[in-house]
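Two forms of the same protein chain are encoded below as structure tokens; each is given separately, as structure 1 and structure 2.
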Structure 1
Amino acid sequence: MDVKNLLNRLFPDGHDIAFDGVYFDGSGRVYGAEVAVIGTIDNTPIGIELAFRMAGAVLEVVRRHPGRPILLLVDTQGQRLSHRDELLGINGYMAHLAKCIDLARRNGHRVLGLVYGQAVSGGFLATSLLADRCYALPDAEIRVMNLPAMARVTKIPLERLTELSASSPVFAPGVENYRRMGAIAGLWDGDLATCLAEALAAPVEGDPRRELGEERGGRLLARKVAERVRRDAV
């Protein structure tokens, strides 16, 4: 979906969003609530400069607008894969961005993620997957690692991974698979302003992703294993 059309549908009361290349931020109004907005366009990779800028935008909201909700609009092909970024420590920049989002949550900011384009790898893991709740549009694309790359890392033959992906959402890309695993709380369609308002008003109590994954048949053991680890650690 075109991001400007998306913003108009999310914020019927108007918005003040400034675009600078592939990056944008600002604020929007939905049913009387003011929401900070941070996002990217054009499936852009997140390099060190963009990660640092996004982190700064989160800290600016915390500093200047205590308690204001933050909406992360996600359209990224992941962290930028360049020798320069690796040498400059992109892992540290991505970790800094993740910690800033966590800081906002700990200081009373409701943080929501909405995948409207692509969400891939570290660009997804360090942003909207750290939000209180992450949502997606039905036609979004989500994957942490494609099957050929997964085969290279795990040394499991691609044919075997392809076979597993047919029955297990853990191995398969796609919005519906991530919804089944509980990573995506729900899909937004139709009246997007109402979807946003309801998400802002919903109570946030802990992390329900393991429970959702079990209920939806996407992650059948995560909750049980986590509970066993906590019990045995006492």
Structure 2
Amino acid sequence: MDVKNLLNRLFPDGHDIAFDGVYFDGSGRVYGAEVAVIGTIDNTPIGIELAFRMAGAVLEVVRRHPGRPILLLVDTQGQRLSHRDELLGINGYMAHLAKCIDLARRNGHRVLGLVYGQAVSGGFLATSLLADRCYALPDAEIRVMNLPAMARVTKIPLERLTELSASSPVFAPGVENYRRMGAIAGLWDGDLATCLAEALAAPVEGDPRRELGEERGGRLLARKVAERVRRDAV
């Protein structure tokens, strides 16, 4: 979905969101609530500058607007793959962004993610996957790697991977797979402003994704294993 159209549908009461290249931020109003928005467009790769800029925007919200909810609208094909980004420690910039999002959460900001375009690997990990709750539009794409590339790397025939992905959500790209595994709380369709308002009002407590994944049948062991490591007597 075109991002301007998306913003108009999310914030029918208006918004002041400024674009600068592939980056945008600002705030929007939905049912009387002011929501900070930070995002990217064009499936952009997230390199160190962009990670740094988003982190700065999160810190700014924490500093200037205590408690204001934050909506992440990050459209990314993943981390930028470059020698220079690695040279300068891109993992540290991504971690910094994750720490800033977590700081906002701990300081009482509701943090929501909405995948409206693409969400891939490192760019997803350091942003929307750190939100209190992450949602997606039905036509968005979420992946680590497409199946042909996965077949090459794992040396498992593509036919076999394709056949298995019909029943298992574990390999193949897809919003529905991530929903079944608990990482996507739900799909937003129709009246997006109402979806947003409901997500802002829903209770959030801890990280529920393992329980969700188990309930939805997409991730059957994560909760059990973590629970045993947490509680087993030694």
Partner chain sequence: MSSYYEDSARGRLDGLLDPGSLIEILPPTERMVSPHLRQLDTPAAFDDGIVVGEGRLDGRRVLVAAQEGGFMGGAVGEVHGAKLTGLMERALDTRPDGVLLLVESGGVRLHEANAGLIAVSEVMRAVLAVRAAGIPVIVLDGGTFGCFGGMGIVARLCDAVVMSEEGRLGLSGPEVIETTMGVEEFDSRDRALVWRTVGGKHRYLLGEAATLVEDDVAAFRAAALALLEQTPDLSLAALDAEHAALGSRLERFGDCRDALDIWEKLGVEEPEKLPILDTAGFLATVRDRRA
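Numbering runs along the sequence of structure 1, starting at 1. These figures come from a predicted structure and were not determined experimentally. By rigid core we mean the largest C-alpha set that fits within 1.5 Å across both forms.
Please let me know, 1 or 2, which structure is the form predicted alone?
It is the first structure (the form predicted alone) rather than the second.
For a quick test of reading the superposition: does Ser165 move by 2 Å or more at the CA between the two structures, rigid core aligned?
After core superposition, the C-alpha of Ser165 moves 2 Å or more between the two structures.
So with the rigid core superposed, the C-alpha of Lys155 shifts by how many Å between the two structures?
Comparing the two forms, Lys155 shifts 6.7 Å at C-alpha.
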